[in-house]
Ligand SMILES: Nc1ncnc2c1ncn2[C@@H]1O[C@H](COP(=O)(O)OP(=O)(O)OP(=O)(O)O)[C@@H](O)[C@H]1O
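The chain below stands alone, shown as structure tokens; this is the form predicted alone.
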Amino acid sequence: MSNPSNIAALDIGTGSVKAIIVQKRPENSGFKVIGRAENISSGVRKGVVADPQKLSKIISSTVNEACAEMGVEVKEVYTNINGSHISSVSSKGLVSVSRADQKISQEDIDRVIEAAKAFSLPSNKEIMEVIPREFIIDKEGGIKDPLGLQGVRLETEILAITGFSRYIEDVSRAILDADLQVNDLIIGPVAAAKAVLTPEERELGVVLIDIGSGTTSLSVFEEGELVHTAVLPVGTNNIRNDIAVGLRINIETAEFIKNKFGESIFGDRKTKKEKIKVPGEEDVVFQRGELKKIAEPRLIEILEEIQKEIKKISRVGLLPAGVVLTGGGAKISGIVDFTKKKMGYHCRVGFPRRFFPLEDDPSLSVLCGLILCGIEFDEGNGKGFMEMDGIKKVGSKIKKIFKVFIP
């Protein structure tokens, strides 16, 4: 049966496709999970949909499995978009206030945001999200909501998140071919941030690092606002592949070693000669130091790339709330202390909260964040889709995504 109170989300990842169906609990006490499913992904490479037809079959079976738990039906989903084609750029716009009494109207706000969007962009890319960072009235900045205020000149600084048009279409096509409608496409790093960051962290300054199978994304917040986001084409699959090559073992065994003996990657040098035997694999024996030598450089590479992104926006050493790790990679034992040491920030693992009866699992952050973002988009009438060639495409209207991060 279809129930309008049921809310469904779909997390399309390189390693897996996850679906969740929830109902809001009374008095804002969280969400009751009434359906959940996960399957090995197919047709996705480094966060980007490479084969929509293959992916569509996985999406269909995953959503159907989630629905079967309670005999429910869903026809629409909130879903994520990922991949290194996603980037962010700051831009400014300026307009004159149109009303004779100099009170700023919604039309003025829309016009100034449109003016800020008028920057050069390759023909194969489009704006997916527009996040107003501040408004400036007659050179007085730091204004969050200028509606109804008086002034002659209105300016804004926005963060525009862009993506490759074809990849956006392919995500939508895969979902439509699974007989589902897309309620909204939401940037993966934005969804994860909504699920795990506290208002205090966003206000002080924090970087969220979401380590997935094929990608690692980051989002930087300061004074409650998203100031930068990026997606790197490297994840835990790269660590797994390095282990497989270095120890000359198959991928399945390398995945087991990565998850089971992750602490050896960051372990004490005094134990580096200690031998480890993989259960059930008679011929797989290695020293802790050998695993550390193989896998540690890949983690260092990921963290160094993140530091480069932080340096781009001149925030090195200026994020008091430190680092929050989430995603499946955050479950690798020892990674918190390692990240703290290498990046020089306080570090913790970010778990999604208020979803019952889900266990604390950082790999579910994007999935839970999609639900939270989707609800707030609906309540704020912030949907940003329009029909085009049978595909619901994002980027045609401004999404009021900045409301998601108001404490």
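Keep in mind that this is a model prediction, so the values were computed, not measured. Residues carry their position along the shown sequence, with the first being 1.
Form predicted together with the ligand: not shown, discussed below.
**Q** H228 near the ligand in the predicted bound form, any heavy atom under 4.5 Å?
**A** It does not: once the ligand is placed as it appears in the predicted bound form, H228 has no heavy atom within 4.5 Å of it.
**Q** Although the ligand is absent from this view, report whether N237 comes within 4.5 Å of it in the predicted bound form, heavy atoms only.
**A** Residue-level check for N237: yes, a contact with the ligand.
**Q** Taking the shortest heavy atom distance, is S88 within 4.5 Å of the ligand in the predicted bound form?
**A** S88: no, not in contact with the ligand in the predicted bound form.
**Q** So, I332 and the ligand: in the predicted bound form, are they within 4.5 Å at any heavy atom pair?
**A** So I332 counts as contacting the ligand.
**Q** Only one of 258-266, 143-151, 194-202, 177-185 has heavy atoms within 4.5 Å of the ligand in the predicted bound form; I'd like to know which.
**A** Result for this chain: 258-266.
**Q** Counting non-hydrogen atoms within 4.5 angstroms of the ligand in the predicted bound form, say which of G350, G374, G47, G35 makes the cut.
**A** Of the candidates G350, G374, G47, G35, G47 is the one lying within 4.5 Å of the ligand in the predicted bound form.
**Q** Note that the ligand is not shown here; using its position in the predicted bound form, name the residues of 79-97 with a heavy atom within 4.5 Å of it, in sequence order.
**A** Residue within 4.5 Å: N82, and no other.
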